[in-house]
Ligand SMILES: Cc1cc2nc3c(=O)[nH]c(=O)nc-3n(C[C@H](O)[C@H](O)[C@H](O)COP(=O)(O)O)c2cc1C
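Next comes just one chain, in structure tokens: the form predicted alone.
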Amino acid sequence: MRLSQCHNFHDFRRLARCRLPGPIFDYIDGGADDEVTHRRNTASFEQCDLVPNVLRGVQEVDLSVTVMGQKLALPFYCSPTALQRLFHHRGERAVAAAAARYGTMFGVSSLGTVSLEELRKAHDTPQIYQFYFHRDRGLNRAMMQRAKDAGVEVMMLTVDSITGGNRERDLRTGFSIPFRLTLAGMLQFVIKPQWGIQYVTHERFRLPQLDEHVDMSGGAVSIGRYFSEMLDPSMNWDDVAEMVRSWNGPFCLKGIMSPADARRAVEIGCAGIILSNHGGRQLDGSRAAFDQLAEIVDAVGDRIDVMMDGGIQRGTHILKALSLGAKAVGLGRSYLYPLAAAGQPGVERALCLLRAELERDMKLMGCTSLGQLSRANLRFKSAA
């Protein structure tokens, strides 16, 4: 299968599976426990039908949006995700370049594999910096100051990952950073030698945002121990409020799922919230973000920018989320599979296909701008 034969999310996933060793593919592909929430994230969109209007004169469609003060050409962005150079040797460089080409926002994770400074210098499109709350409060302050010094526009704190999820696919293969593979896991690397050649012939794999704290040689803290030892499960609203004041710019919380928490985010001065269950990778059995979207938009949508991620595979999924009141949606696996499949050309093709789908869907719905989308265009199926 070639990149030119990829026409949707599922095609990119198949190509990524062909090219990645099994343990790395499963790291992207898998969720927590029985992966119920992972499956529900996409299935939730199937419980919502679109009701189009016709004869509305929709020759031109405007897909631009302003979210958290950032003007984007598209209402979807590349969410920050960890370890991207494991999936393709260019990692975040490829994703940032593709996002910049299409005029949308991209994110850099504190567990990213390219420095936020390098990416900020290379592209002038809006950039999010995502980080976790550490026991070392000095480290938290230093990470925020580093992002501010680099010129990052939006700070994102992930609040649903005070400890790592139970990802059983990784346990079976022994996937970890540094690698601690089982025999079956090692065999998967043997039968996909091209990945190994790319890995050893390019720059050393590292985590530049956390170089002093997580060491790829195993001499410091592994990724698993990073979540269990360095992150602070005692984090509370007072801690976050202090960070919002310190940042003094657009600050969003990723992992909000309840109206009560959404209201607290407004009270402490956040510019945005992202409804998310971490792609089904944390608390299995938690609700899909799309299923919570209307309730939270009704609670705070006039006071804060509400976004969501999880399960986005089609332009119609984006259309439904925007119709419920989301200002924008985040992509995760929807660009990670293309990254793994073909690097920057893969991500660019995926973004291009989603843009084309969304523009076509808007025309078929009888809408020329995102502001014309509303719940009047949706009908929800009754529960069985």
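Keep in mind that this is a model prediction, so the values were computed, not measured. In this text, residue numbers run from 1 along the sequence as written.
Quick note: we don't show the form predicted in complex with this ligand, though the next part is all about it.
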| query | finding |
| --- | --- |
| Among the candidates L353, L63, C48, I28, the residue which, in the model of the complex, approaches this ligand to within 4.5 Å (heavy atoms) | I28 |
| Among the candidates F290, F106, F251, F87, the residue which, in the model of the complex, approaches this ligand to within 4.5 Å (heavy atoms) | F87 |
| Non-hydrogen atom within 4.5 Å of this ligand in the model of the complex for each of P80, T158 and R333 | yes |
| Region of this chain that lies against this ligand in the model of the complex, out of 124-132, 230-238, 243-251, 140-148 [heavy atom, 4.5 Å] | 124-132 |
| G165: touches this ligand in the model of the complex, heavy atom cutoff 4.5 angstroms | no |
| Partner proximity in the model of the complex: Q209 to this ligand, non-hydrogen atom cutoff 4.5 Å | no |
| 4.5 angstroms heavy atom contact with this ligand in the model of the complex for T113 | no |
| Contact of S276 with this ligand in the model of the complex (heavy atom, 4.5 Å) | yes |
| Partner contacts for 43-76, taking this ligand in the model of the complex and a 4.5 Å heavy atom cut-off | none |
